[in-house]
Ligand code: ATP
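This document opens with one chain alone, in C-alpha cells, the form predicted on its own.
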Amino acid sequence: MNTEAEQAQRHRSRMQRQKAVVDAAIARADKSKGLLVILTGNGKGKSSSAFGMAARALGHGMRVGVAQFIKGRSDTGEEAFFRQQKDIIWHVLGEGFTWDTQDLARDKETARKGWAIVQTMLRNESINLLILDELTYLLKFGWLEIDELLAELQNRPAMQHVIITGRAAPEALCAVADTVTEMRDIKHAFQAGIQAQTGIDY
C-alpha cells in the first residue's frame, strides 16, 4: 500500500508536469485582438453566459453594449440589473417571439431596424464588448444576409469583442469566430411541465 508521502510525491510530480504544459501554452498565446464568440446550440444558458461576460467586462471598467433581437420583454432580471450599471448601453430590439407576433412583414421590419442600430454599435470604438443576443434567428429567417453580417464584423474596431447568441449558428459564422460553444440539452425543467422561474429563466 502506498504511503501518504508517496501519494503526495506522485501528486506533486503530476502537477509539475501539468504546470509546465499550461505555462508553455500561455507563453505561446502572445496575440491580442477583439474576439468573436459564438454561443449556440439548443441548450439553456447561451444568453446567461453572454451576460456573465458582460458583468466581467464591467468589472474591468469596460464599456458594454447589448442588442437583444426577437425577445420583446423588458422585465428580465438581467436587464433590471444591468440598467443600473454605468458604462452599458441596452437595446431591446424585438417585439416578442415570431409565434407571438404572427406578422411576417412587421417582424422583418423590426429586425432590419434593429440591425441598423447594431451597425452603429459595431462601428463605435468606445464599445469594448458587444452582445448580439439571438442574432442567429435573423440569419435563419433570412432577414439578414450572412455576408452583410460578416462584412460588419470584419470592419469593426480591432479590439471590440462581440458575442453572438442563438440556436443554429451558421457554419460560415462559426468558421470566422475565435471561440464557438454549443450548449446541449440533457434535461430541462420545462419539458417536465415546470413553468419558467423568476431569477433562473428570466
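This is a predicted model, so every value here is computed, not measured. All residue numbers refer to positions in the sequence shown, first residue = 1.
Heads up, the form predicted together with this ligand isn't pictured, but that's what we're talking about next.
Judged against this ligand in the model of the complex with a 4.5 angstroms heavy atom cut-off, the residues W115, E148 and H161 are out of contact without exception. In the model of the complex, at least one heavy atom of Y137 sits within 4.5 Å of this ligand. Proximity of R56 to this ligand in the model of the complex falls outside the 4.5 Å heavy atom cutoff.
Using a 4.5 Å cutoff between non-hydrogen atoms, D201 counts as a contact of this ligand in the model of the complex. Residue contact with this ligand in the model of the complex: R63 places no heavy atom within 4.5 Å of it.
Of the candidates P157, P170, G52, G45, G45 is the one whose heavy atoms come within 4.5 Å of this ligand in the model of the complex; the others do not. Proximity to this ligand in the model of the complex, defined as a heavy atom within 4.5 Å, holds among E182, D178, D23, D185 only for D185.
Stretch 37 to 45 is the contacting one of 24 to 32, 37 to 45, 148 to 156, 170 to 178, since its residues have non-hydrogen atoms within 4.5 Å of this ligand in the model of the complex. Residues are counted as partner-facing when one of their heavy atoms sits within 4.5 Å of this ligand in the model of the complex; in 109 to 127 not one qualifies.
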